[in-house]
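Take a look at this single chain, the form predicted alone, given in structure tokens.
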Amino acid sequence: MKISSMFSPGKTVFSFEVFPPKKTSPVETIYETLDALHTLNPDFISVTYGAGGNAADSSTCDIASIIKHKYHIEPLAHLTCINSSREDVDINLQRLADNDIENILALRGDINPDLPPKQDFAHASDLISYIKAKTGDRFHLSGACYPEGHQDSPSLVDDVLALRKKVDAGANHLISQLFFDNSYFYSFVERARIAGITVPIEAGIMPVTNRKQIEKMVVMCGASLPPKFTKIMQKYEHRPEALRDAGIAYAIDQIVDLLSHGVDGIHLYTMNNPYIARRITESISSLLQTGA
């Protein structure tokens, strides 16, 4: 089932993201996480791309196949291109097709300072165009978007124009980078719609449960921290359980507000933590059922 068919008036799509185990761990270690997550009935589960952008790493496809064939939930397999040649992408596309995976999140990927980028694909829009030209409608293609603008973009206008290129190339669904201030997301959606981007946009929400996690996320994606959020981190940073619960509560508050504004979907970055995913899902389940 393609993700594009999941969106309909009055329905809020609800999805999770997981990541492959570390290289030193067997792929089977993800079973415990998936055993718990699948009982929460998400519409789909995305799987991040294998570390290093190595085409020989089949972990993303392996986990996506488990999600589809064992748990009967649609997977969304991430595919990055900054460290991939056309041949590498072809290998991954064939691997996904062989496992009956229908949904791909096409990304540029993070630049590794120790690994010179390959030259076949400079942007995610290039990857989307290539997949579309090569496979037609075989795959549903999703793209990433950035409520506060991509860090490499010179302006918000340039950022939304680059996003329009992804959609024009064939992306028919977008998932946002994490954010902690909903006003950024609402302003972004307004810019996107003005620019003629009409595809569904899911809001990416990450529950922050420790200070190290948030510091890493801010460096990686440049998300702004509202005063309310900063005060929570400062007050509970030395009380791990309290900080976890406060982070969950903050994420729930964000989601409730997003649902009340009629967001197309919620994409929860689970960090492979079923406890947090369950707490949040159970808190908002009645809102999702009523199409809030």
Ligand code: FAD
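Remember, predicted model here, so these are calculated numbers, not experimental data. Residue indices: 1-based, along the sequence shown.
Below, we refer to the form predicted together with this ligand, which is not included among the displayed structures.
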Partner-free chain; cross-checking this ligand in the model of the complex, the single residue of 168, 90, 152, 120 with a heavy atom within 4.5 Å is 152
Assert contact residue (this ligand, in the model of the complex, non-hydrogen atom within 4.5 Å, options 129, 209, 103, 176) equals 176
Testing 223 to 231, 250 to 258, 42 to 50, 66 to 74 against this ligand in the model of the complex with a 4.5 Å heavy atom criterion leaves exactly one stretch, namely 42 to 50
Whether residue 141 contacts this ligand in the model of the complex should be assessed with a 4.5 Å heavy atom distance threshold; does it? no
Exercise. Answer yes if any heavy atom of residue 181 is within 4.5 Å of a heavy atom of this ligand in the model of the complex; otherwise answer no.
Key: no
Taking heavy atoms and a 4.5 Å cut-off, does residue 200 contact this ligand in the model of the complex? no
Given that the partner is absent here, does residue 159 sit within 4.5 Å of this ligand in the model of the complex, heavy atoms only?
yes
Of the residues spanning 100 to 116, the ones with some heavy atom within 4.5 Å of this ligand in the model of the complex are 105, 106, 107, 108, 109, 110
